[in-house]
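Take a look at this one chain, the form predicted alone, written out in structure tokens.
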Amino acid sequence: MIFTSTHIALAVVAGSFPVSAVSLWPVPASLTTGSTILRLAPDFTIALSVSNAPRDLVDAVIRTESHIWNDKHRLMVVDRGASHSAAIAKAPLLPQLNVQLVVRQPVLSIAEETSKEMEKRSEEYTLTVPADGRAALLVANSTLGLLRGLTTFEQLWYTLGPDIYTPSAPVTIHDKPAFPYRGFMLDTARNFYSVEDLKRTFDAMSMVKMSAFHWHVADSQSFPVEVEGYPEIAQKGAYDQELIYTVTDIKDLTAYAAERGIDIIMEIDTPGHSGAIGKAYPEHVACPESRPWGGYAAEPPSGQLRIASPDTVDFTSKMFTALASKMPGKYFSTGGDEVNINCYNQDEATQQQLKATNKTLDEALNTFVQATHTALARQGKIPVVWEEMALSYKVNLFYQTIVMIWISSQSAASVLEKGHRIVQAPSDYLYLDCGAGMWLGTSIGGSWCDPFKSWQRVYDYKPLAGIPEKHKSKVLGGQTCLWSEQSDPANLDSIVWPRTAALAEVLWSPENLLHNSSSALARLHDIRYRMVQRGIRAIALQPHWCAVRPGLCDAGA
């Protein structure tokens, strides 16, 4: 499937529903709609015309049918569509959605497609919904593309009494993402989140076609993930024996996410942010819980892996091997941010080893990274690191290593000049924990990355701004990040959603179709209300009065 046009046309006639009735999020690459009301027939079905359809594709169809019949989402206008009840009751009926896969052998499951290298995935689809009662048609050249099309189809429908209808038939959509990596990062080390919390997050991510969950699973505060062959790391490094992700949990979570088009990229941050490992293996950790902590770490508690120790290098490589073997995707992050040099300068064991081998600290770090990344390569994984590994240290990264930008949006060009692909996660736009005040005791200041990053700030982000044309193809996409110093399950949904949905559209839709935040707001309200209907506690963007009166709460309206 090749798309050659990129346009959006919203056909609206006098007396019809308002333009805001067309509320797809993210906006498709090419969308044409009409103004005819179309109802689902009482016996509406989704017909899957795929030979030997994979189980997860069948399940995706079942979920779509369930969402359409059970969401009970009403049109975002003052009377929620009631004034059109007579017209809705007389509208033509849509009997069926036919789902077809362009011939591709063998047919891979959604999970298998999701686990490919991101540039090799196909997410494009075509969706047509006639206005005259003929069957609708969804076509894609991969099961992952069919999943994305089903997600769009769900968003066309509203409920009024017994009827489920769209006010916008006919609909023609040709769609594909602008960037392959559309992600969200969650820190589960500073505070723990249950398997159910993570699955609910995956459900929300799938609603807006996100493709990557960056799982910062461990840090100096806790190491809550079971490592096969090294059970004591979690047993002693987790906050509690009930707060551990088991090998079974990892299998469950990776499967659940992949079936929804989301690749999980696990991160074990090294060599910094590793203090919790010292609870089980103190011989591998320098300056554990040293005080005052500010001299040894970016935040308490301190603790870094002893990169100059051959035993620690071997231990870390084996730990990565054990964890990477449980991850079905192609990527694994080794972190690499905020390495504290003073910690190593003050660590007697590190200094003795450096002297014995006649190495500098940079040389020891390079040896550590080369060895651990080689271990990942043997597992078929592509390493992912934070930007310091490319910009701050003399480390020879593998050419295929992906670098995540976080310190500032200004860092991207420098990393690209070194030849690496990047994922944009700059704190000045995409850090969701900013603006909540300082969490350190006795401090009354603001957070280091103030101000709060509103959904408008996220939506205003331009991943290719300042990127030379020759490097634009190396920008894989971006992600919002939630560091959990002040977050836990109680506020997970409200701090993430719908702000992360704003980035989902930035990374899916062509830049020329991205509207200003005022015109996007009505559609964002719509997807936020849909999320709430599905049990995702997304925070309100405005009073309900404003949500059903698009534009009337704009400044100066």
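Heads up: residue numbers just count along the shown sequence, starting at 1. This is a predicted model, so every value here is computed, not measured.
Although not depicted, the form predicted together with another copy of the chain is the subject of the following passage.
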Check: Is there a heavy atom of Val58 lying 4.5 Å or less from a heavy atom of another copy of the chain in the predicted bound form?
Finding: no
Check: in the predicted bound form, does Leu521 have a heavy atom within 4.5 Å of another copy of the chain?
Finding: yes
Check: Gln456: heavy atom within 4.5 Å of another copy of the chain in the predicted bound form?
Finding: yes
Note to self: Considering non-hydrogen atoms and a 4.5 Å limit, does another copy of the chain approach Pro468 in the predicted bound form?
What the structure shows: no
Margin query: Counting only non-hydrogen atoms and a 4.5 Å threshold, tell me whether Trp293, Glu485 and Ala540 all contact another copy of the chain in the predicted bound form.
Written below: yes
Check: Of Glu117, Asp337, Asp314, Asp460, which residue is found within 4.5 angstroms of another copy of the chain in the predicted bound form when only non-hydrogen atoms are counted?
Finding: Asp460
Note to self: Quick check on this chain: which one of His174, His420, Arg121, Arg190 has a heavy atom within 4.5 Å of another copy of the chain in the predicted bound form?
What the structure shows: Arg190
Next item on the list: Name the stretch, out of 59-67, 504-512, 39-47, 486-494, where some heavy atom lies within 4.5 Å of another copy of the chain in the predicted bound form.
Entry: 486-494
Check: Which residues from 431-447 come close to another copy of the chain in the predicted bound form, meaning a heavy atom within 4.5 Å?
Finding: Gly435, Ala436, Gly437, Met438, Trp439, Leu440, Gly441, Thr442, Ser443, Ile444
